[in-house]
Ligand code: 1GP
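Here's a solo chain for you in structure tokens, the form predicted alone.
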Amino acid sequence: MNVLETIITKLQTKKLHMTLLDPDEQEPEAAARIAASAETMGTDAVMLGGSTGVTQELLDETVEKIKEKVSIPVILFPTTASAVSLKADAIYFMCLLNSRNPRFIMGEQMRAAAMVKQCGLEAISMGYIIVEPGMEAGTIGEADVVKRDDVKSAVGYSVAAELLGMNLIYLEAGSGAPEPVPSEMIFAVKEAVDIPILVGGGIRDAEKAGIAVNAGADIIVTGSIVEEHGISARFRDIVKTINEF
């Protein structure tokens, strides 16, 4: 099975957790140790991305070191076309649906598309939607962030992504957000689409993870908690809560 098939198959029996690592935040060996610990705790995949200035060499080395230590998929979560490593298992081929800048809607994708296809890197299409406050992701992506009470827009973007043939939806409050995506928004999007929903940003404890999953999130993404606390008891409790659904 490829990575998307693995994700879809797992979702038939449980909810998933993915650990987001920024290759610019630690040395490749340290990233590999974190990934290995996260796998032991039950995370289902490692997402790699975040920084805009990471070098190709650092990205490639980080992917290589992580893959030496884990058996779960390593999936790229790129900011730009330059943040692509052909050593990864897959790439989220994302369209930032609520960006004001065509560069993040299709420009960066156009730059990377031929290389990704020719080299056989599995591309998993994703509708990426940034929700208030958006944090650095919203700033870098020049997003018109979806207001926390604007459920209609979140649903509209999500249905549009599904009708355009995208495989996944990602509702993102932004790394380090004080609060996660509202549960009412997650519920409404889940009711409106038939493709899996990732939710990330502001999920710092098991309670918030449980609320998001109970509202309809299929996959929870955590990143800041790993950067701040490592693979801690709090991380373990988040993954355990998700896997119990």
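Computed from a predicted model, the values in this text were never measured in an experiment. So that there is no doubt, residue numbering starts at 1 and follows the sequence shown.
The same protein has a further form, the form predicted together with SN-glycerol-1-phosphate (1GP), not shown here; the description that follows concerns it.
Next item on the list: Would you mind picking the one in Gly141, Gly174, Pro78, Pro73 that has a heavy atom within 4.5 Å of SN-glycerol-1-phosphate (1GP) in the predicted bound form?
Entry: Filtering the options by heavy-atom distance leaves Gly174.
Check: 214-222, 32-40, 55-63, 188-196: which one contacts SN-glycerol-1-phosphate (1GP) in the predicted bound form at 4.5 Å, heavy atom to heavy atom?
Finding: Result for this chain: 214-222.
Notebook entry, point to check: How about Tyr170: is it within 4.5 Å of SN-glycerol-1-phosphate (1GP) in the predicted bound form, going by heavy atoms?
Noted result: Contact with SN-glycerol-1-phosphate (1GP), yes.
Margin query: At 4.5 Å between heavy atoms, is Tyr128 in contact with SN-glycerol-1-phosphate (1GP) in the predicted bound form?
Written below: Yes, Tyr128 sits close enough to SN-glycerol-1-phosphate (1GP) in the predicted bound form that at least one of its heavy atoms falls within 4.5 Å.
Notebook entry, point to check: With the partner left out of view, is Pro182 within 4.5 angstroms of SN-glycerol-1-phosphate (1GP) in the predicted bound form by any non-hydrogen atom?
Noted result: It does not: once SN-glycerol-1-phosphate (1GP) is placed as it appears in the predicted bound form, Pro182 has no heavy atom within 4.5 Å of it.
Notebook entry, point to check: So, in the predicted bound form, is Leu16 in contact with SN-glycerol-1-phosphate (1GP) at a 4.5 angstroms heavy atom limit?
Noted result: Outside the cut-off, so no.
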